[in-house]
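Shown below, as structure tokens, is a lone chain in the form predicted alone; questions about how it binds or moves come after it.
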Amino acid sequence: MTAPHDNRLITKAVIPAAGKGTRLLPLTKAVPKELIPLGTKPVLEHIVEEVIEAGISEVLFVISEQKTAIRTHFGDGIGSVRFEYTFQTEQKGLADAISYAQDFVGCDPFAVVLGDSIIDTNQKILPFSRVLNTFAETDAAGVIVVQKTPRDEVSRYGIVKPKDGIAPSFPIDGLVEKPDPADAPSEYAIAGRYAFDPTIFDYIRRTTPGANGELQITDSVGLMLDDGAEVWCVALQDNEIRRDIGTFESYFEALQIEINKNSNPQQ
């Protein structure tokens, strides 16, 4: 890696939070899934604290017209950190959601942090901070957090293809959305944190509907790789785990962990 470049320091983050949360009905009938409690505060508040701790000073929430409660909850910002909001009129995939951030981003590099994805860690440097650091220290057009996943579960995720091998951070030369376990290029699944330079918007415009008929950001990153751009990954360590708040099973698991942390604050 090279020394950080000032023009690669990321201070803007996009938080997609427009999904309908249908797998958490009826809990999400009146409350956005991002605002359901996780311990003593909503899921999304944990995520906002994470991005602020990493040095982000501007946040754009991509929400739907049914999720104005998110804007009511967070308002215009916290301290010197400014919040903005935009509406995704139709949920057509993560790449589509990110495309709504182009005016907010302008010519700056930026981060994407999924609004329903928590990363538990006991490391002093957050995985998200390691993403920002890796972006600043390399010439990568994109950086992605990945998590090692059991081989029989890789068909549920986007899986990356390492270029030279696995390390705490490493380049890739391909990725596959929800591969058959026998065909998966690795066991490392994309885990809900990204950094991009603004060229990603060009690749999103070139992206065609993929899995589930949606515009998948994995396909956009694939086009980026096809053009010869560098894409790096930051691997979660053994004591770090990403938890999606997308099903009751995953929500209850994350909630129990948070309850245990609050009951044993020294851990």
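The first residue of the shown sequence is 1; numbering continues from there. Everything numeric here is computed off the predicted structure, so don't read it as measured data.
This protein has a second form, the form predicted in complex with a small molecule, left out of what is shown; the following refers to that one.
Although the partner is absent here, L94 is a contact residue: one of its heavy atoms lies within 4.5 angstroms of the small molecule in the predicted bound form. In the predicted bound form, none of the heavy atoms of Y85 sits within 4.5 Å of a heavy atom of the small molecule. The small molecule is not drawn, but in the predicted bound form it has a heavy atom within 4.5 Å of R242. With a 4.5 Å cutoff on heavy atoms, K178 counts as touching the small molecule in the predicted bound form. Residue heavy atoms within 4.5 Å of the small molecule in the predicted bound form occur in exactly one stretch of 98-106, 122-130, 153-161, 68-76, and that stretch is 153-161. Exactly one listed residue, out of A141, A191, V113, I118, brings a non-hydrogen atom to within 4.5 Å of the small molecule in the predicted bound form: A191.
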